[in-house]
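This document opens with one chain alone, in structure tokens, the form predicted on its own.
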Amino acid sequence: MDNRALQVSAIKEGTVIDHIPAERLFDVINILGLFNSLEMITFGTNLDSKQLGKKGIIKVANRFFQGEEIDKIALIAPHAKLNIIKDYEVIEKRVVETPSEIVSIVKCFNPKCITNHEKIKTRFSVVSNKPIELKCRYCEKITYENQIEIV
């Protein structure tokens, strides 16, 4: 064995988020609030990937993502994979899927939209998954992937 290789310890319980585009890794960490976590978090970026060229990965101990959190991951990293770990074993693998409707997660890009001036939940229909394009239910403007701002 090569002694120069770094070893990252396995997690007993938790989630591994894999296949994150390397340039979006810190966006995923931010939208999930992982900077404030008290649990062990391990991440790597610019790892070789046949699918993405370069990828990021996040290992989060004792945390399992649900509903809105998975939707947020899907908006930032639409082809990410979640590996659910229990007792050091992968018990489930999931590819995140962009939902058909996004509610209260993204800010409308249109500064004149009512959702930016009133206390109204934002609502978007997903027009495209690759690249992500969201159509506002209120002003009907399209928010493109590079304009997405998570609220």
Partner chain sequence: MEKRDLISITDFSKADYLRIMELAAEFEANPNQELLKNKVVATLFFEPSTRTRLSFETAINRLSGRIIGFSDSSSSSVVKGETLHDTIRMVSNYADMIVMRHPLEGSARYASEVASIPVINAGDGANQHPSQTLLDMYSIKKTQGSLDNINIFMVGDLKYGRTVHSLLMAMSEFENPIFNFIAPPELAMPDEYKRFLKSKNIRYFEHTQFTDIISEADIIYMTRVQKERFTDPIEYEKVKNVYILKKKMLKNTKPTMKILHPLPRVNEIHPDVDASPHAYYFTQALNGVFTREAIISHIMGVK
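Positions refer to the first chain, counted from 1. Just so we're clear, the structure is a prediction, and the values are computed from it rather than from any experiment.
Another form, the form predicted in complex with its partner chain, is not on view; read the next lines as being about it.
Site annotation in the predicted bound form: the residue of Leu47, Met40, Val103, Ile120 reaching within 4.5 Å of its partner chain with a heavy atom is Ile120. You can rule out all but one of 58-66, 109-117, 81-89, 22-30: in the predicted bound form, only 109-117 has residues with a heavy atom within 4.5 Å of its partner chain. Within this chain, Lys12 is remote from the site of its partner chain in the predicted bound form, having no heavy atom within 4.5 Å.
With a 4.5 Å cutoff on heavy atoms, Cys139 counts as touching its partner chain in the predicted bound form.
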